[in-house]
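The chain below stands alone, shown as structure tokens; this is the form predicted alone.
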Amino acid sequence: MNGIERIKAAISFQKQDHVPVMPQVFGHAAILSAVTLDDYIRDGDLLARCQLNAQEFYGYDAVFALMDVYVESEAMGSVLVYQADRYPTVKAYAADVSGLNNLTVPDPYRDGRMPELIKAAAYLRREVGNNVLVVGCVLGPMTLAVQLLGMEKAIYLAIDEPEQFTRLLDFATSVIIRFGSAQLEAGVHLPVVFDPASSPDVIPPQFFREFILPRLKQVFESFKQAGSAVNWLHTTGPVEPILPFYTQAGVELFNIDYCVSPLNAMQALPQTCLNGNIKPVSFIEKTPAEIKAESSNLIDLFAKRGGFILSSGCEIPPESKPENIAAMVSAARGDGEQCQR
């Protein structure tokens, strides 16, 4: 089986030759290729070449057309501070509460770094075809709302002026659908919906149910119509209270963060493929033997159930040890193989 066949089988709870493995290697691909993060996240062709190099080096089952969490908001006016060796930070957000009505949906082929991400997606799909999964990325509705205003202003708006906040979420949803559809047109097999701000760490479960759930459902329905292979949701943090809502949203693949019990996730989502959930910092701090043992334990835990893709709980830090990522891939293959550079 090739990578995409392996992943599709896991999502359908069918047999695979071995458990798919999809470490979330984003910025680490730049470090592996001796490229600065600053260049990596601003040049679509360079990003794609680094991703291909990392995938070839480790032998896992996906590549990622993914830059950082500010692509959408920057395209609408957020000002970022770029640094050579780390992800950018926000200097000024795209909007304030009084200017929300002036926001317009950005053009993925023209605005900000969106065209570079589209370029990366097309490059990756040309190179890998249907051999490994090509993954794009969009922010979820709550996270994009936060990225447009800043966390504090967004939360206060939700509390003090829920109707206006609802309009902001609707606007964010239209941006997400436009950007994700453009990525699908460019060749990604799916755009992962990354929505950490919808975690119970940020908003109550009842808020999620009322405001976020219907918009996630709209996003996933739109992506399916546009040809997305799988509806993948990635929400970080202790999400157990909102897991039962994911099936209603149309989620087919959910990433388990390291703080979420796999057993609880299996119980809440018995027919949903799960991926995860090794703690990202472990790829810096632990040894290859420890990573391999933890990976093997997860594989064993899901062996009877199926519907599992071995991964990290979130992004593997850029400065992670290559031998630790190789150990995860080796555990999935079940052959004791280690990557050598």
Partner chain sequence: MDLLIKTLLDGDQAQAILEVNKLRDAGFSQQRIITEGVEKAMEQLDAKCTLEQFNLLEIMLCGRAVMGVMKELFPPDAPHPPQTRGAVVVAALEGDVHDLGKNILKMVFTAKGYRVVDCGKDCPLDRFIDSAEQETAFVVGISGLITTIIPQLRRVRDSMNERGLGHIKLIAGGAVLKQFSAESLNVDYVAQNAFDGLHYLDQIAGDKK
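Remember, predicted model here, so these are calculated numbers, not experimental data. Numbering follows the first chain given and starts at 1.
Quick note: we don't show the form predicted together with its partner chain, though the next part is all about it.
> Residue 131 near its partner chain in the predicted bound form, any heavy atom under 4.5 Å?
Close contact is absent here: in the predicted bound form, residue 131 is far from its partner chain, nothing within 4.5 Å, heavy atoms only.
> Quick one: does residue 39 come within 4.5 Å of its partner chain in the predicted bound form, counting heavy atoms only?
Result no; residue 39 lies far from its partner chain in the predicted bound form.
> With heavy atoms only and a cut-off of 4.5 Å, decide whether residue 52 touches its partner chain in the predicted bound form.
Looking in the predicted bound form, residue contacts with its partner chain do not include residue 52, since no heavy atom lies within 4.5 Å.
> Would residue 238 sit within 4.5 Å of its partner chain in the predicted bound form, counting heavy atoms only?
Heavy-atom contact with its partner chain at 4.5 Å: present for residue 238.
> If we take heavy atoms and a 4.5 Å cut-off, which stretch out of 177-185, 244-252, 116-124, 199-207 is in contact with its partner chain in the predicted bound form?
Of the stretches listed, the one contacting the partner is 199-207.
> Given its partner chain in the predicted bound form, answer whether the residues 156, 281 and 285 all have a heavy atom inside 4.5 Å of it.
Heavy-atom distance to its partner chain in the predicted bound form: all three under 4.5 Å.
> Could you check which residue among 107, 170, 96, 160 gets a heavy atom within 4.5 Å of its partner chain in the predicted bound form?
So the residue touching its partner chain in the predicted bound form, by this definition, is 160.
> Pick from 225, 89, 166, 267: which has a non-hydrogen atom within 4.5 Å of its partner chain in the predicted bound form?
Checking each option against its partner chain in the predicted bound form, the one that comes within 4.5 Å is 89.
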